[in-house]
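This text opens with one protein chain seen in two forms, each one given by itself as structure tokens under the names structure 1 and structure 2.
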Structure 1
């Protein structure tokens, strides 16, 4: 794309202000800004006007999960079917690893955080060791994809290479960057972080498929005969990845997706709950639920909105490809965004001064035809590391690892 085409791209998007300081830049800065303009998707901006009229939620009703007791009755059958799918190469794993360890007081990718006590044990290491168990049980390597971010891509690749991928065959590992979305001011104009750099932010956990598709990996997997993706968060060190029982149950259900869920510790636990919205799978956030809804029970005395999401999903690729033609709803986050003003002065806001665009992964569930909520044992499969201390912290994860016989 030449200079004229770059200018035309900005003019079409109504964003020529991004070249405001262009003549002040040196050659390196000019090229950097042009490269970023070429890579930036300005189509997000067409939906900015809808932020003031967010879509109201549809009719929310309960969605029954497959419970532990129901799973136990057919566990051997599900496991056999899941192992068969794994052995035939139909399943790949996708780790959403774009986050940094900032909230943990760690200056690096969250997956590089050390939770060891007597020796180093890294989050990435725990996840790969978990997946290695599946490799051994199905007798073949499983494709493993890491979604990184602009902030941690280089460090993530270098860390895993330095540690020789913790024994995983690197020929079955691929990396792709999460796409970035431009950040805009209150007037809908894209902000400049510096005179030579557009202000951008990750496009949310729902952007993983779009990013993976842009990297060319979906077509690669289809050529390899892979038709399901197990997508999971980086911060749960007890993730049971490519769980054959889970896979078998989803295959048997005929659903386009599956979601691992846990029973909520209490009605007020701050976790999104599986539900139906206008008859289609969805997630209702804890802050969206009324007090009555949190405590509502069915005929059996069980709370109706009692299964929280763990960010471990199984998606059928053909359905994802088909759904990609439908635009996911964009969510708008009002944030404090560091930028430069019209005179080029640095702005460090103490109040929200702009908007970021995000996709949410549960919106993908809503588009697809059916999702199986699959209950897991919290103490065996759910040890997220989100906070520096207290609940969902390194200390709580270490204790759960100890309870499961994992030596740290």
Structure 2
């Protein structure tokens, strides 16, 4: 793209203000701003201005989960089918590690956080150790992908290399970067983080498929006969990756996806619950549920919206390819965004001053045909690290590790 085309791209998107300080920049800064403009996808903005906000929901109804007792009845059968699928190389693992980890407040990629007490035990190490159990039981290496973002890509790669991938065979590990989305002020104009840099943020955990596809990994996997992806969050140190029982149950169900869910520990637990929306799989966020909905029970006395998502999904690749994720809604989050004002002064807001755009992974469930919600024992498999202290923190995760005999 030459300079005229760059200006045209901005004009078409109504964002010429991004060149406001251009004449003050040195050559290196000018080039870096131009490169960023070329890379930036401004199409998020049209979704914002048309207020195509997914906050308006369809008709929400309950979705039954496969419960622990139902799973127990067919455990051996599912496990055998799952191990067979793993042993024939049909399943790959994808770790979503592109988030900002703002709540934890750790200065580095979340996976590099050390939860050890007597010796270092990193989050990435815990995940890899868990996957290694599976590699041992199925007798072959499983492809392991890490989605990073611009903010943490280099640090993530360097950390894993330095730690020799915690014993995983590096020839089965690949990285890809997720896309960044521009952030806008209250007026819908894209903000500048500095005079020479657009304010951008990772485009949400739902952006993984498009980014993985653009990196060429989906076609590579399909050529190798991989037809399911187990996609999971970086922050659960008890994450059971490529669980054969889960895989076997999803294969048996014929659904295009599966979701590991936990029974909510109270109606008010701040976790999204599986449901149907206009008859298709969906997730309702805790803040979207009315008091009545949170407590509503079915004939068996079970709460109807009682199964929370843990961000561990199985997706059938051909269905993902067919579903074309350009149908995914863009969510707008009102956030504090560091930026420069019209005079070029640094702004460090203490209140939300703009909007970030994100795709959510659970919207992918909605565009696929069918999802099996599969219950897991939360004390055995769910130890997320979200906050610096209290619920879902390093301390709560350490306690759960201790309960599971993991020496920290």
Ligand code: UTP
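C-alpha atoms forming the largest set that superposes within 1.5 Å between two forms make up the rigid core. Note that this is a predicted model, so its numbers are computed, not measured. Residue numbers count along the first chain shown, from 1.
- Here the chain coming from the form predicted alone is structure 1, while structure 2 comes from the other form.
- Superposition of the core reveals a Cα shift of less than 2 Å for residue 370 between the two structures.
- Relative to the superposed rigid core, the position of the CA of residue 68 differs between the two structures by less than 2 Å.
- For residue 183, the Cα coordinates differ by 2 angstroms or more between the two structures after the core has been superposed.
- Comparison between the two structures places the CA of residue 16 4.3 angstrom away from its other position, after core fitting.
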